[in-house]
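Given next, in structure tokens, is a single chain: the form predicted on its own.
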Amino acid sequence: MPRWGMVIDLDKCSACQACTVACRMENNTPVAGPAQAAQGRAILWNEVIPSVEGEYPNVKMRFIPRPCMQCDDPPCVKVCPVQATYKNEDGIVLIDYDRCIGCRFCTVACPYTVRYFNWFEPQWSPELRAHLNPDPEVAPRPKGIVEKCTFCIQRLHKAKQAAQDAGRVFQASDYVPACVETCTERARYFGDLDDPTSLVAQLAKSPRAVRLLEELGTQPKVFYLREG
């Protein structure tokens, strides 16, 4: 089975937020609105985090895109009391919405703060409703559950089904998350980390490659290429 991973080149990322918008449109992520966001309830599965280095006037702005790290040893899975959070056969950490009780143990356990509690029933204005993904696999989810980036798992399912319908073997190149496909600067790479011939596997071994909070031992499958 492929070991899906992502590499993000920080030298290329311009913080255009195309990945954030693509993630929202692909996954029907609820829109919090100003009132909920003011209470810290904004929902961004794929956030671009700004940081400032140095002191004025010698300052430099940096940006770190942050999807779910899809850890090989995910702490969120270990703490879920009802086993609603699990890692599937493709190595992607998912959430069983029917089992989730919204206790948010997983949110506390995640050191990357990529999990979001649905505080309200999702609502969209008429303009935004036209952008909803009609795929029943990503239908709007109710309040009271925890959600996060899944590497657009519905796209993987579609790619596998399309390969089967065409009578051919599924290839890792058949599947790509929305954020990777939409990246305007081509700063994101996706593929099988266990395939030594894949670009993502080669970039993950680059001297520039780092992982967030790697010292915690969660073994994240999202790598960053440091700015040169």
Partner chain sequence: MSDQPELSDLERTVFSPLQKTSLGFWMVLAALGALVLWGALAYAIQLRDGLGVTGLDRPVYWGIYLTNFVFFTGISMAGTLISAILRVTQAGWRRSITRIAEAITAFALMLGALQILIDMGRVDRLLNVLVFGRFQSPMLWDFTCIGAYFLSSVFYLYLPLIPDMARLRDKWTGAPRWRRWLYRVLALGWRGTAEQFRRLEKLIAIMAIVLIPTAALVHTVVSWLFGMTLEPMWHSTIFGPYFIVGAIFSGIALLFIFMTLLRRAWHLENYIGDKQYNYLGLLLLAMSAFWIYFTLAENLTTFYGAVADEMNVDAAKLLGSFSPLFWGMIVLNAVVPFAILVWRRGRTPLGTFVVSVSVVIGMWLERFLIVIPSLTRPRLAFDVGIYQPTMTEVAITVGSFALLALLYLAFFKIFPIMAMWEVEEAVGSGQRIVISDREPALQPSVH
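Superpose the two forms; the largest set of C-alphas matching within 1.5 Å is the rigid core. Positions refer to the first chain, counted from 1. Since we're looking at a predicted model, the values are computed, not measured.
This protein has a second form, the form predicted together with its partner chain, left out of what is shown; the following refers to that one.
Of the candidate stretches 46-54, 180-188, 23-31, 158-166, only 46-54 has residues with heavy atoms within 4.5 Å of its partner chain in the predicted complex. Remark: Pro81 counts among the residues lining its partner chain in the predicted complex, judged by a heavy atom distance of 4.5 Å or less. Contact check for Arg104: a heavy atom falls within 4.5 Å of its partner chain in the predicted complex. Mapping the unseen interface onto this chain, Val108 counts among the residues with a heavy atom inside 4.5 Å of its partner chain in the predicted complex. Contact annotation for His131: none of its heavy atoms lies within 4.5 Å of its partner chain in the predicted complex. Of the residues in 60-77, those that come within 4.5 Å of its partner chain in the predicted complex through at least one heavy atom are, in sequence order, Ile64, Arg66, Pro75, Val77.
After superposition on the rigid core, the Cα of Glu53 moves by 2 Å or more between this form and the one not shown.
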